Structures are given as structure tokens and as C-alpha cells.
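Heads up, the chain below is alone and in the form predicted alone; it's given as C-alpha cells.
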Amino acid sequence: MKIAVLGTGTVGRTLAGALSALGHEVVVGTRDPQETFARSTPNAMGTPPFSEWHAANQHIALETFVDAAAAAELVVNATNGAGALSALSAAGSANLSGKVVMDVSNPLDSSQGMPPVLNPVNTDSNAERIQRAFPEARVVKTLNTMNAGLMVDPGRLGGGDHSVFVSGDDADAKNTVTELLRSLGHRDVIDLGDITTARGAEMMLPVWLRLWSALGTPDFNFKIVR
């Protein structure tokens, strides 16, 4: 499958590498490839510059958002939550029409200090905003409740016996994403329902952030026991 991963941070790089290793034709999308390649220092989160990662992954092309999305069958939104709508707008609504858009973002707002809060929250979600902005896209929320390493290698924690959620209005799109999740090793995929249920998945982040603080590591996940 032709997959465009929008976002050059840790999540985007990790997903792009793993999906490529599974045999998919993967490109990474960014607003300005030249600017992205020109960065030579770690970002605010300490992530090394993209060029260092790309040196070891030269088979994965870096393209503009619009070029990456145009050729893709499935688009992964791995941008930060605040920048998701802008990035997808740059990709172009026509290039998202009819396609599965797998949204792994979280709408975290750190403008008032740490820990960050959710915006939107309770009555809306990032996934719903994306679906409203691009009504012809088939948006599926998933993978936002774990760190990037576990997204692509769930088996390294508890043998993979933990849960991942999907939310979306299109059943076929959710099936496509579920198959992709299973190919990455996820065994317990829970369909929460329509796109409004993404609010619940996103609202797990305040708990997740506090667990990170309490445990001293982000290397954990939720398991729904039933």
C-alpha cells in the first residue's frame, strides 16, 4: 500500500520506518523539505534532526505535504495536535478525498504550562475537527494512547497483551486500519464506535501523562480487562 506519513518528529519517523519494513511504499510529508533537511540541531523535545534519521532511511522519500498525500492510498496524520488541520490543509482536501486518514495526534496545549491540557476536550476532539474539515476523507483515530515505540512494536511490552482503540464513521476504513495495526503486532484492537468516540481516546492523555510522571517512564500502555 502507498502510505504518506505527515510529520517528521519521533512518531512520524517511527511509523514510517516500521510501515516501510512491512513492505509498504512509504513517504514522509513535511511543509518544506529543504528547511526540514537544513535543521542541524535537536528540537525542543531533544529529538535529533531529521537528516540524521534519513541518513539511515534513505529509501523513504521526504516530500511536501501535498505531493506526499497526492500519491498515497492511506495518509497518517503524525503531526502535533495543534498543527494537524494546517498540515492536512496544506496536503489539500482533494488529495484526502476518499482516502483513509489515520489520525494518531493528540490536541495537547502547553501554553499555560506543564502538564499540558487538552484543547478541544469533552464535547469535541481533534479527530472530529479533522473529519469536519475534510468531510470526504475517512478519518480513523488510533494509536494516540501509547508512545511511538509501542505503536510499532507492542510485543516488547507484556508480550503485546495490551489494548489499542479505533474510532471512525467508516467501517471499511476502520477495517483497513485494524489490519494495519495487526500487521504491526497489535492483538487487542477495540472498536469504540463512530468518530465522536475519539473524545474518549484523546481524554486518556491526561491519565497517560500522570502515569508517565508516576512511573518515571513512558514505556507502558493500557489493557482493558474483560
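When you see a residue number, it is the position in the sequence shown, counting from 1. Keep in mind the model is a prediction, meaning the values are calculated, not measured.
One more form of this protein should be noted, the form predicted in complex with another copy of the chain, which is absent from this view; the next part is about it.
ask   = Is residue 201 close enough to touch another copy of the chain in the predicted complex, meaning at least one heavy atom pair within 4.5 Å?
value = Looking in the predicted complex, residue contacts with another copy of the chain include residue 201, since a heavy atom lies within 4.5 Å.
query = Taking 4.5 angstroms as the cut-off for heavy atoms, does residue 118 touch another copy of the chain in the predicted complex?
reply = Residue 118 belongs to the contact set for another copy of the chain.
query = Would residue 61 count as touching another copy of the chain in the predicted complex under a 4.5 Å heavy atom rule?
reply = Taking the distances in the predicted complex, the answer for residue 61 is no, it never comes within 4.5 Å of another copy of the chain.
query = According to a 4.5 angstroms non-hydrogen atom cut-off, is residue 17 in contact with another copy of the chain in the predicted complex?
reply = Judged by the heavy-atom cut-off of 4.5 Å, residue 17 is well away from another copy of the chain in the predicted complex.
query = Out of the stretches listed (134 to 142, 121 to 129, 74 to 82, 87 to 95), which one is close to another copy of the chain in the predicted complex, meaning heavy atoms within 4.5 Å?
reply = Careful reading of the contacts points to 121 to 129.
ask   = Any chance 191, 211 and 215 all have a heavy atom within 4.5 Å of another copy of the chain in the predicted complex?
value = So, yes: the whole triplet contacts another copy of the chain.
key: Sequence-ordered list of residues in 191 to 226 near another copy of the chain in the predicted complex, where near means a heavy atom within 4.5 Å   = Contacts from 191 to 226: 191, 192, 196, 197, 199, 200, 201, 203, 204, 206, 207, 210, 211, 214, 215, 219, 220, 221, 222, 223, 224, 225, 226.
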